[in-house]
Every structure is written in structure tokens, then in C-alpha cells.
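We give C-alpha cells for two forms of one protein chain below, kept apart as structure 1 and structure 2.
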Structure 1
């Protein structure tokens, strides 16, 4: 058993390295004819073993991306995979966004209790500390006074101080006065967008994007500029520069870490260039950072808010503590009063008992221990699903695990429609999130997102097996 597990780990590592190198070639980091770093140099840079690096290079060679040259190492293959011959993802400008009806239908179908919910946006609820939260809620309920039953914006002072202390622990200066408590991160994001825009304004989002951003743009009658992102490098900053230069953009709604649905995180240099571009064009940034605690590795990545205090940083506890809490926040800086006024006119306030219960739980210092366990379990589960899918699916299907979180992004052959797969799977009690949910256009119709936070058991194993059978049948019928 140990040997088999070790082989699976090595397999996933060399495929991951191969994808990274392939992405660099696609993005023009390595040009046709360029000599790649030697095996030993790559071992040193990547931290992988010599065998893992060699397997990755051999895989790329077998796929025609690189050529092995005797006594000279490896070079990028000419012509066929050159960036000049690859279609660069186009900036998609949508005067009107019309996605809400489709998204509503998909989300409603995912509520069926008999379904294996691979299409869900939320992690497995059994991973949350439900008993500890219940005790906190019980303590709050026993001592709740009449004047605590309604807490107007900006929200419970104890909770805002607790969140400010978590920022401070990461070296960030955020005062409780800058923080507005909201009903989940989605309200924080929507209020931030509404504060910055008026109907008819242009807003930059990623492509693919979190469907909540597209719904907000549709609801507020805004125009979407969808800047392409890929699973290797994240947001295309050249395309962003083009968008900012050509359109009067009023706001950007982006995810720098563990982007939904791709799972990609921006590198250090990309983060700096992104902020520089936005400063140059005086465009405010709304940072959707709901997966901030679900990172891979030992160190938590800093949000963009750490480099620019003008960023509206939005997050929540829905992905780490309990979906039903619906407690989020925005660190809004000088725009906090504007956010509060809008909230007062819309939802009035966020549940006072829930805010107090969450503040009580955070004071117990159990949260960080819970997060360490949660990250470890999610990483293990994602790895198990990833390995199974790589074994079961045909070579024409690409599976991207991303960095952190609990989603996998799958790309079918471009001639296929994942919405058809969605309907076939739903008929068999399996949900997926088809690519049409994540774009105003059809460019991701062949893709879909899988939630792999569920436990690997006979039910989920059977569902993965059945999904692979459906995919193979669709491919053979193309």
C-alpha cells in the first residue's frame, strides 16, 4: 500500500511540473529553439526529485512540446506549439450580462439531497467544528440582552476587533473601524461593487470568473470586461493593460489567491504588476479572498490588500467554519462609511446572535487548530480525487488541481459541451458546475468545475466512475 501511494504521489508531481513548463511555453517564457534548464537546475529550482523532473521532461517530449538533444539537454520544439501559432485568449467585452437564469437553475438542481454534490460551491459541512460553534451560540443566547439583538452597520465591535487581530497577525494594519460585517462575502462584494459603480459602467472580471461577480454585474446593469486567466499563470496582465487602456473601467473584481474556478494563485511579480496597472489607471480593486485560509503549504499568502490599503478586501467564514453562519466582511478603508450606508438601505444588518457567537468562538483560540486540520484533509481529498480522475479519464481531458482550495477544473475537447454532460450526470444523481456558469460568453462551454471536498467513499467513488463513463461516451460520439 505504501508503494502504491508513493507512486501516485510521484505521478501527480511530474504531471504538475509538466503542466507548469507547458504553460510557460504557451505564454512565451520559452521560445521555440530555447534551451530549457538542465535536469539538475530544474531539480534545484523546483525542489522535485531528479526522477520527477526527468519524467516531466519525457512527458513533454512525448507530447511534442520539447526535443531531447544528445549531449545538449532539452530545447523547445519549433513551430507547432509556438506562441505565435497559438490563439491568444481574447478580451471579451459584454455590454450586457445574461447569466442569472442559467446559474439559478444549476444551483437549484444542486439542492437535491439524493445527489452527489460535485457542483456545490461549499466544502463538506462535516469538516466544520459544529459542536464548538453550537456551544458558542448557546453561551451567547443565554446572556443575550435586548440591546444586543440588533447590531447596525458596521457590525459587532467584538467581531471586528477579532478580525482586525487576525490581519495584525499577518503583519497588516487594518483597524476595526475599516471593517464592515456583512451577510457572507457575497454581500461584501456586492456592496463594494455598488459603492464604486453606476449603471452602464465597465467592470473588469476574470475569464473564467466566479459566477457571483457575473450575477452582480447583471443585477447592477453594468458592462463586463472579461480578462482571460489560465490555470498556470492566472490573470493575463497584458490583456488587463489593454482593457484599462481602451475602456473607462470603474472597478476590478478579482481573486488573487486560489481563484474560483481555476484554483490558480498569482505569483509575486504578477501581483506587483497588477497593482501598478490599477494605480496607473486609478481603478479601484475589489479583492475576493474567500479562500484565504485554504492555501497549500505552510505559509499563508498575503492578500493584495497587504500591498495597497486602498484595496477593498472581502472574505468570510462560510468556507472555513459554517456555510449557514453567513458572516463575511469587507475591509473597506476610507470607503467603509459608504458601504455601511448601502447596507443599512438593503439588508439593514447581519444577524447579531451569529456575530456574537462567532466572536465568542474566535476568542477560544480553537480556530487556527481547526484550520490546520481542515487544510490537511482538503489537500488529501483533492489529491485522492485527482489521482482517480487521472486514471479514469481519457488523455483528451485535462484535469487541473490548482493551488489550495477544494476544486478541480476539467477541460474536455473544445468540440464538447459540458452543459450536456451536466444534464446527463444530473439524471444519474450527480451534479457538476458547467463552464457556462463562469463566463458571459461560450468560451468555457467545454469545461466544468468539480468540488472534491467530499469524503472518498463507495458513493463518491461510484459517482466519479460513472462521470468518467459519461465523458468517454460523449467523446466517442463526437
Structure 2
């Protein structure tokens, strides 16, 4: 009896351990070819006896999960048990899912290497100065001192000075103290909005708008006043005046240059009237200016912040230098301390080595040269896609090239639904950013945004061809 009991316990122990390891292999904790922990390590970690561990490994080996390697322990067997695919995004967006889930799926699908990512929000990463940034990162890594490891808000002083110099080069007076480094422009915008509002407050945004604005408003339990914008004049200032007159608006979040998704920029007179309206109603402005460096033509546009030091000016390096650095900033004027306190509570700070690497890169004077090339290439690519689309698409489809950046805004006939086009195109490995992402209502359902920062080659040419075929089919099916 005693022996049987002991046996039974041992049996279940090694089987339990084997099942655990098998589960880890199935879940992708260990991948084909990975070396497993040694018997000794596993004994130490699990508390089981060497015999139990050995039995478990041998069981897994006999089942083909792992392979014994002479002199070097056990490895996971190649492939037949395919682990859950970590990289596979959830692409089966049912029509019923909410807009946030939809946006999430669109962004994730832009990551798939097998897709032509016309739906992506980011420029073609091969345009970025990878090597020079890597050199800066390597340099910083080699010389990082312990006291540089943590940078609390407002962020690394060298980087804030470098950003202040870029403002200075445009004739703008922004001190390093006004600047708070954030985890991309998205955190800058979010912190700015949160600093200015309390749940239930009214906030003016554009329609259509960057979906991040709509999500932030939802997340912070605010109420959106969506003021119409169009591709020729930008924000409808009469509608804005009306909104400001009728609601106790606490903040306005907009893009004066190269508005996402329309690509439109405000004219000089509109800018002045906009600022006057906001001043009259004492509504602070959050200026999303992530495309500030990606203007068409020769002369850099001035942000609204140049005319009013009260504007919270948010930007980043994600669209010009490297999407994955996640370094942005807000030039927040007298509100900088509030932003810092809020950041301290939510993410504490952004990566110190990345901030230092960026400051190192900016000190090297490569950035302006890179920007000149980037602007030129993006303009050329946009032009190429624009011409192709104008040629291929039926006359009912309007294509607007915007005043900078790397997006085209396309409008199908109003009865049509670009979300259908999104699903059809996705099935063929092409993504687009449907209008539904950019407004709470349905008014842009017939529109979509195309990222045209990709090179014009056989792959993208074929994708544009397929898109135009799908669009023609949709139109003729209406």
C-alpha cells in the first residue's frame, strides 16, 4: 500500500511537470529550437526530484515534443507542434464591434508584413535614418552613467534644449522649461487634454479628426463638439463660433497644418480668426502638430503656438525619424508643471537612453539634411500615387492630396461605404484607413485615407490597380 501510494504520487508529479512544459511549448513560451532549462535548473526551480524531472523530460521526448542533445540538454523539437502565432493580429472585425476595436484592428493590420499598408498611420520606415540613429543609440549606450538612468518629468534637459533650438530656428520663443518630453505625441495630447478638463466637460474637435482625439475624449468621459472641416478651407470657423457661443467649451484640440486625415492647412486669415475666437471665449488650444516638418513647398509653416504662447503645442519624432522611439513633447507654457505632475502619475517618464540618443542625434546636424530628403521623397511619392489614382479611378471618386505629409484623402460617392472597401481590400492583403475611424458619426463613411509614403513599385502599383478594380465594382454594384 505504502509503495503503491508513493509510486502513484511520483507518477502524477512527473506527468504534471511534463504537461506544464508541454503547455509552455504550445503557448509559445518555448519555441522550436529553443534550449530548455537544464535538469539541474528545473530541479532547483520546481522543487521536484531529479528523477521526477528526468521522467518528465523523457516522456516529452518520447512524445516528440523535445529532443535530447548530446552534451547540451534538451531542445524543443522543430515545428510539428506549432505554437500559437503571436504576431497574428485579430483581423476578423465583425461589423458590430465598436469603433475602438475597429481602429485597433486597422492599426494592427498595418503591421502585417504581408499587407500593402495603405492604411498605416506611419511613413515608410525605410525612409528613416536608421544607421545614424543606431550610432547615436550605441554611443549613448556605451557612455550611460548610473545617474542618467532615470529622467523624471519634464525629461532630459539636452533634448528639451535641442527642441527649443528647433523652435528658435523658426523664430519662435519657446524655453526648454516649457517643454515636457512624453511617450510620443499621443501622450502629450492626452496629458494636455486631461490637464485642461474634468469629466463631463465639452471639448471642440474637428470632423473628421485624428481618432486619438475621439478616443481621448471617450476615455476621459468628456463630451465632443465636432466642428466640420473640409478639404479646401479646413475648419468651418462659423460653425466654431457658433459652438463656442452656445457651449461652455473647456478645450479645443485641432491641427492647423496638414490636418489628419484631410491634409488641409489653415490659411493666414483663418488662423488669426481662429485664435481670436478662442481668445474671446477663453478656450485653451491643444495644437496637434505631428506633421510640422512634413510640409509641401519650401517654407516651414508656423504653428499657431507662434502667435499665442498659451497654445499647448504637441509634436514628436515619430513621423520623421523613427516610429518606435516613442518620444514626443508638449510645449506647454505655464501649464508645464501641471503636465509634469500628471505624467508622474501615469507613466512616470519616457525611456532615458532613448531621450539621450535623440539629443545626441539632434546635436549632429544630420536631422535637417534628413528632413529635406524626406520631404522631397514624400512629395514625389505622393505625386506618383496621386497621378495614378486620378488616372485609374472613375470620375465620381475625389482624390485630395493635402498640403503636406503622406496621406491622400479619397471620397467615394456619398451612398457608398468605405468600410466595405476596407474588408474587401484586406482580404486581398491591402489595408486602407476607412472614414469611419475619424468621426463619431457616419458622415465620412464614404471616405478613406491612403498612406502613400510607400515606394511606387510593382507591388504597390498592383495594389493600387486592385483597389481601383474593387472601387469600380463597388460603384457599379450600388
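Numbering follows the first chain given and starts at 1. Predicted model only: the values in this text are computed from it and were never measured. C-alpha atoms forming the largest set that superposes within 1.5 Å between two forms make up the rigid core.
Student: Among the two displayed forms of the chain, which is the form predicted in complex with a further copy of the same chain?
Tutor: Of the two, structure 2 is the form predicted in complex with a further copy of the same chain.
Student: Determine, after fitting the two forms on their core, whether residue 42 shows a C-alpha shift of 2 Å or more between structure 1 and structure 2.
Tutor: Yes, residue 42 moves 2 Å or more.
Student: Taking the rigid core as the superposition reference, indicate whether the CA of residue 18 shifts 2 angstroms or more between structure 1 and structure 2.
Tutor: Moves: yes, 2 Å or greater.
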